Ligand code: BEZ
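Form predicted on its own, single chain, as structure tokens, below.
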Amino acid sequence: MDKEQNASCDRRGFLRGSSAIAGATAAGVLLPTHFAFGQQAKIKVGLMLPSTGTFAALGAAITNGFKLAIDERGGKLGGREIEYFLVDDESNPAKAPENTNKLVQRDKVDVVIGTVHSGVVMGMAKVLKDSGTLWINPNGGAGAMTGPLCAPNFFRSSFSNWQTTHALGKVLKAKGHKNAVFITWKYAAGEEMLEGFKEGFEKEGGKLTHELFVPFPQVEFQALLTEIASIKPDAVVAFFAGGGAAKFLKDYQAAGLKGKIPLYGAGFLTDGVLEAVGDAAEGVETTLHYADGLNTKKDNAFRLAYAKTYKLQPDVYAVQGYDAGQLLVAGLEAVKGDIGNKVGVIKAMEAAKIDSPRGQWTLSKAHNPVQDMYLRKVVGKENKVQGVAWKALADPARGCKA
């Protein structure tokens, strides 16, 4: 039996097992005494996010957003109290299985929320697939999670890497750019964002002439910026995030490229770093599923509540954490807090229409958000919305047999 058949069988087996539990409960079959008491036990939520290193600020924003969504429901899930378990994943893929098992085997959590780094996402996937633990990924866009490794218990409240840059092809075409250079970290997220852009740009008749990589998490860009200056492309497209993004924007300006070669990117290039980079990001255009200035009732209420609670302005990472909380609430409220009813929880989450600060979104069959991708432009300290670059963009979920 090949791997794809195995994945399909795993899904059917998971659902059959969960259906049997749900059916037994509905039929009033006697269950062990601890099950009845367990209905009143706290729901165990494992937060596996970076709290140190390059992505620490992103992990904090996701945590804040998630907890805000839960607090808005009285701090409970389906009427049940919550107990949090925290693990710093250190943005280290090699430690991902061990760290995931701390939550699954040691802490026996009911649901895992994590993480940021796509490589860590890949390390989490096997552990969570084998255990069947409910998983909501609030950032890491690794395509395989909702592609070949998709599973009924895997959900994402953020994006696939492919989504974040695919719409840029249309943007560059509309601005008359015929060729471009892409620069990014050499790891899963960077490579997948490059491919998403390349596919979109080449469909529009453009040509990606050079692919430039920096080892993750290094931030020495000077040699490649010198190369870009000699290439003289119509445009540069970049993906970096957190501290790396801030350093790249400053170095791009210092190299004399700002104002000479237009810079574009996945929205993470300018999200959460504008306070740190001065005017280095001014005018940079990016595509992402969230932007400043949406001015909707939901977004305005969210931004006010977040600022009041945390004394900070929210960014896309906070939104993704918030929506992970909203998605989990939708699942648990539908089953009145019965986290053991996996079929019911999954079914409710699959059908959820999330009223998000980013705009309403639903889930694809692979459990990835189908969402608008905005064109944003840095104006002062904001990523101001310029319009919708692509309406209801769905990830192709190539390889998913669910």
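Remember, predicted model here, so these are calculated numbers, not experimental data. So that there is no doubt, residue numbering starts at 1 and follows the sequence shown.
Another form, the form predicted together with benzoic acid (BEZ), is not on view; read the next lines as being about it.
- For the chain shown alone, Y290 is not a contact residue for benzoic acid (BEZ) in the predicted bound form, no non-hydrogen atom being within 4.5 angstroms.
- Residue contact with benzoic acid (BEZ) in the predicted bound form: V116 places a heavy atom within 4.5 Å of it.
- Contact annotation: W135 falls outside 4.5 Å of benzoic acid (BEZ) in the predicted bound form, judged by heavy atom distances.
- Contact check for Y374: no non-hydrogen atom falls within 4.5 Å of benzoic acid (BEZ) in the predicted bound form.
- Screening 272-280, 252-260, 186-194, 203-211 for residues having heavy atoms within 4.5 Å of benzoic acid (BEZ) in the predicted bound form returns a single hit, 186-194.
- Comment: benzoic acid (BEZ) is not present in this chain, but in the predicted bound form one of N153, N99, N161, Q326 has a heavy atom within 4.5 Å of it, namely N161.
- In summary, among the residues G141, P314, G169, G244, the only one with a non-hydrogen atom within 4.5 Å of benzoic acid (BEZ) in the predicted bound form is G141.
- Of all the residues from 48-66, those having a non-hydrogen atom no more than 4.5 Å from benzoic acid (BEZ) in the predicted bound form are F55, L58.
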